[in-house]
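Shown next as structure tokens: one chain only, the form predicted on its own.
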């Protein structure tokens, strides 16, 4: 499998022997790329072959021989022998159908084709356009990129890869017949089906959410609609600056707010939680971000509950539970996403928040796999671009008979939000008194390191992310801090923590 590199800022995955000089999505340099490990071979049963470490003879059997029949080495000099075999194409798999043309679906199609040049691969997307980088939508909304920069691959790539791609709405999965039903009445048979049909924007039950000029941002069409509405409202308005309320202070909400601010709109962000980016930032870091957004001209409301989007046919403002009305000619709802699990539920697959999958991405039906935003793996629906890529790769290979596994990873985020560098990983919010929270704040820079039993279990960096890679290695490796010399030397608070632990144990 080719070497993979992940952009730690936007999540873009690059395939090649070296990281690219510049990320084609967010533009950062190669120093912000790291090796991305996707999958491991399935563990399988105990080895039934043993290799002599002296002469390389391989002996079959439940246990190593007492002596090597070739060189006479004793049993202790044998080790388990597992031969890494190339992906095996299952004889009964001739047709693979993939629902969803996002990064999980396209990666699954590409990997299935790489594993087998003969299996028929069909990729179905519901959007009437070539598959594109959803990561780049807010940059497109801001006017930083044109539509030509969005596609994952040029249209001819799919034909070159012998991937049959078309756009349609799938209305049903008929598992007994192993067929899918398309909205034009066609029935497509499959030997393996991969569900990679993603997620949809979640719209809370807010009174007035169906008024005109209320939008979500999940697709290119959504962006086009927002821009058209903004242009039309500006032409009709007497106000020198168009006003927009963004409901949601998570990552998408802030990126959307920043994009529209670059278009010249007056922005108010409304967040129901006590601070912005609650999944990525501890409160002190979020307060620094809030102050920074204020310098950019944005108004922020936290701990604010939305009661109604007011207006007649079109939105004219947002009323909060406090009674305050925020005037707006445009409202954008960025309240997260929900998996597109309707087809899976309708067909009787096991579904909780998402479609339940095992480490090999198989669902409760052995002929159906799932990957990306629609999949729930070990109780988690990730909703992250790198995870969707990894799961798509595993699903694509296993659909043709491979044995890869996706085992998950501690959630980490290295972001650049409105020109501020952020990083978070693991448990940066302590659950009880057994955690030690080590904080350091200096001007517009904040650092929180969270330890438990001498191990770094979480980190939150704001403004200065130079320790991000060391923190990532520390949390994922789960090794005692006393053995992580460079990290401890560069973070004096960790040095004190390690010293105090040693003193208290003495």
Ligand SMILES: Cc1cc2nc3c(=O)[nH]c(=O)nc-3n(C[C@H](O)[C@H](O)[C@H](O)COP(=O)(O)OP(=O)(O)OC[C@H]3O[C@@H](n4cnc5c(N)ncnc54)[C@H](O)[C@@H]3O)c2cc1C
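None of these values were measured; they are calculated from a predicted model. Positions refer to the first chain, counted from 1.
The same protein has a further form, the form predicted in complex with the named molecule, not shown here; the description that follows concerns it.
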### Query
Is there a heavy atom of residue 249 no more than 4.5 Å from a heavy atom of the named molecule in the model of the complex?
no
#### Entry: residue 125 within 4.5 Å of the named molecule in the model of the complex, heavy atoms
yes
### Message
Is residue 373 part of the interface with the named molecule in the model of the complex - any heavy atom within 4.5 Å?
### Response
yes
### Message
Given that the named molecule is not shown alongside this chain, does residue 384 nevertheless sit within 4.5 Å of it in the model of the complex, heavy atom to heavy atom?
### Response
yes
### Message
I need to confirm a contact call. Of 193, 309, 244, 101, which residue comes within 4.5 Å of the named molecule in the model of the complex, counting heavy atoms only?
### Response
101
### Query
Exactly one stretch in 195-203, 273-281, 328-336, 225-233 has heavy atoms within 4.5 Å of the named molecule in the model of the complex; which is it?
195-203
#### Entry: Complete contact of 112, 178 and 400 with the named molecule in the model of the complex (any heavy atom, 4.5 Å)
no
### Sequence-ordered list of residues in 327-352 near the named molecule in the model of the complex, where near means a heavy atom within 4.5 Å
340, 343
